[in-house]
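Only one chain is shown below, in structure tokens, and it's the form predicted on its own.
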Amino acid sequence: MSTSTERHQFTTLSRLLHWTMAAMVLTMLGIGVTMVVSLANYHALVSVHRPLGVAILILVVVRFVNRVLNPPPPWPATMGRAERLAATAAEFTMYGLMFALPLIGWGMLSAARYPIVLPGPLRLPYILPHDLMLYAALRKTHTILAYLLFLTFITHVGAVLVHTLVVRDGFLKRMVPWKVRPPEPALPTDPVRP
């Protein structure tokens, strides 16, 4: 594909999924922290946390399939090979964590025999046998992975801010929710004549 026809921004669906999931993950992390530090609203928070986790699980699968079908635009030229590899590793780490955390949460609740009630009469089936030791292990794993997701998320935001505010290479324009005009091609300069 030539540079003139190369996509410079993620597809509309990719951008919609990215920002929707960013809001959902931030909400989940906030709810998770609040559930740990305050038991006053625990049941109300859990009633939001569980279905939101299921929604994230579904959307991360949709997002991953969309990612495979719609590859991202090229990296900015300012990014070296090592930085591109690190960014790709961080991206797939976030995909993995956004998939694993709700699945582990579902397994954890299944092992404790806590129902996952969705809006309306829907309930998720149990996916693991009733086992309180398994519940305890999965709960600890869920907590550790939530911290890892938080760190990965902060690293991602930090890298985007560095590229936006320091390097100024248009990195964020690839994912902003609105449509961005492609950069103007550089005009060839006339050679200096003696």
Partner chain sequence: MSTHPNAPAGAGRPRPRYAGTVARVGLIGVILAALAGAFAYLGGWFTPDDLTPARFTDAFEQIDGVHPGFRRNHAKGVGVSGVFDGNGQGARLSKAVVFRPGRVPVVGRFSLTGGDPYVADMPDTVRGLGLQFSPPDGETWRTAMINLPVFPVRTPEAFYERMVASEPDPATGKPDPARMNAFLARHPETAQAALVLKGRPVSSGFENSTFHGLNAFRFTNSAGDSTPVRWLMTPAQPFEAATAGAAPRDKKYLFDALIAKINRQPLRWHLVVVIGQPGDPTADATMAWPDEREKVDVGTLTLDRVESEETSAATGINFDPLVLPAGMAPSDDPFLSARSAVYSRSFTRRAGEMKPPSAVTPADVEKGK
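Residue numbers count along the first chain shown, from 1. Treat the numbers as computed from the prediction; the structure is a model and nothing was measured.
Beyond the structure shown, there is the form predicted together with the partner chain, which is absent from this document and is the topic of what follows.
A heavy atom within 4.5 Å of the partner chain in the predicted bound form is found for one listed residue only; from Ala87, Met79, Ile104, Met94, this is Met79. The partner is absent here; in the predicted bound form, the one residue of Leu145, Val36, Val62, Ala55 having a heavy atom within 4.5 Å of the partner chain is Val36. Taking the partner from the other structure, the partner chain in the predicted bound form has a heavy atom within 4.5 Å of a heavy atom of His163. Shown alone here, Tyr114 lies within 4.5 Å of the partner chain in the predicted bound form, counting heavy atoms only. Though the partner is left out of this view, Leu132 does reach within 4.5 Å of the partner chain in the predicted bound form, counting heavy atoms only. By the criterion of a heavy atom within 4.5 Å, Ala136 is counted among the residues contacting the partner chain in the predicted bound form. Contact check at 4.5 Å (heavy atoms) against the partner chain in the predicted bound form: all three of Gly30, Tyr42 and Gly158 pass.
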